[in-house]
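Below sits a lone chain in structure tokens, taken as the form predicted on its own.
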């Protein structure tokens, strides 16, 4: 049997590894539009390669179906598979990484593993069309040559991290042409633009309890680091918030940062009063915060004094420090995003992720309407969806 995997990203590579781990007979071909496979894999976990997460909650994934697929191939089973192909993992604070803490090292190992098992890798090929032939075969037409397969698995991912100038074919347009329902595509896990003027804080990093409000209702909370950009906010917790805003179409989103979450507002007032008395010629905020942030705080607090503050002004400063607010304007574009929100709808597929519209056509990974938050969730889904297809092949005794 000849199997064609269109897309040699994370999910495509995982499926190829599974298909060839215990069998040499079936022919597997990986086709990718890039000049090298696994390019997006290299930036996962900031290059440290966050492969998974021990904890899954209601916000981890966009839908119950996505979550169900991941739960069908839980992290302990994924770890066992990594071990079975010679890959050792490390666990740190419920997050899993390769022992090398290097996405580059792991990808190089995968490439060698695939080569050893004679998996054909064809790069720099745009898939223009595919057709179901009368003999049951599937013809895949690319920019340079045609292929013939018994089964085709699309693992081409979403639109994230693709430069806006890219001329690569949009697989979603091709799928719509074949009758598949595709939900709106939007950038997820991305920095956000805010209405406030934050250019003076550009490149400054702060830690705190970051909360997402829609109107006056809190929707999400996370302790994390925020990086200020010239027009907005970035950082892992902000990426997560950006996805939640987009997923849920929040139209009145506010991000509130508690810069000192370990003490109450009353305790902070007492502390600032003491520091205010100690400092005669400097602001009591400058012993706590970066000078630029200290200036931003007193400005948005509405206080008049620059150095010495009244009791009322101290209360205003404390309230601002505990509730530094930013109003959501919009997200950054796909070039800056880590995952695509939206994609091919599950209603097009059966429980094995095979098409209901076209026999022997399958879909895995980010091309589906599936997205997770930061923390290894998207790689876990890529792995689990690949396993779903592999498992169906095993059950049908298709792997010789």
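Numbering follows the first chain given and starts at 1. On a predicted model such as this, the values are computed, not experimentally measured, just so you know.
From this point on, the text means the form predicted in complex with a small molecule, which you will not see here.
Segments offered: 251-259, 214-222, 121-129, 323-331. Contacting the small molecule in the predicted bound form at heavy atom distances within 4.5 Å is 121-129. Contact check at 4.5 Å (heavy atoms) against the small molecule in the predicted bound form: all three of 34, 45 and 338 pass. Using a 4.5 angstroms limit between non-hydrogen atoms, residue 18 is distant from the small molecule in the predicted bound form. By the criterion of a heavy atom within 4.5 Å, residue 365 is counted among the residues contacting the small molecule in the predicted bound form. Among heavy atoms of residue 386, none comes within 4.5 Å of the small molecule in the predicted bound form. The small molecule is not shown here, but in the predicted bound form it comes within 4.5 Å of a heavy atom of residue 157. Between the small molecule and the residues 273, 90, 105, 161, the one pair within 4.5 Å by heavy atoms in the predicted bound form involves 161.
The partner is absent here; in the predicted bound form, the one residue of 297, 75, 284, 171 having a heavy atom within 4.5 Å of the small molecule is 171.
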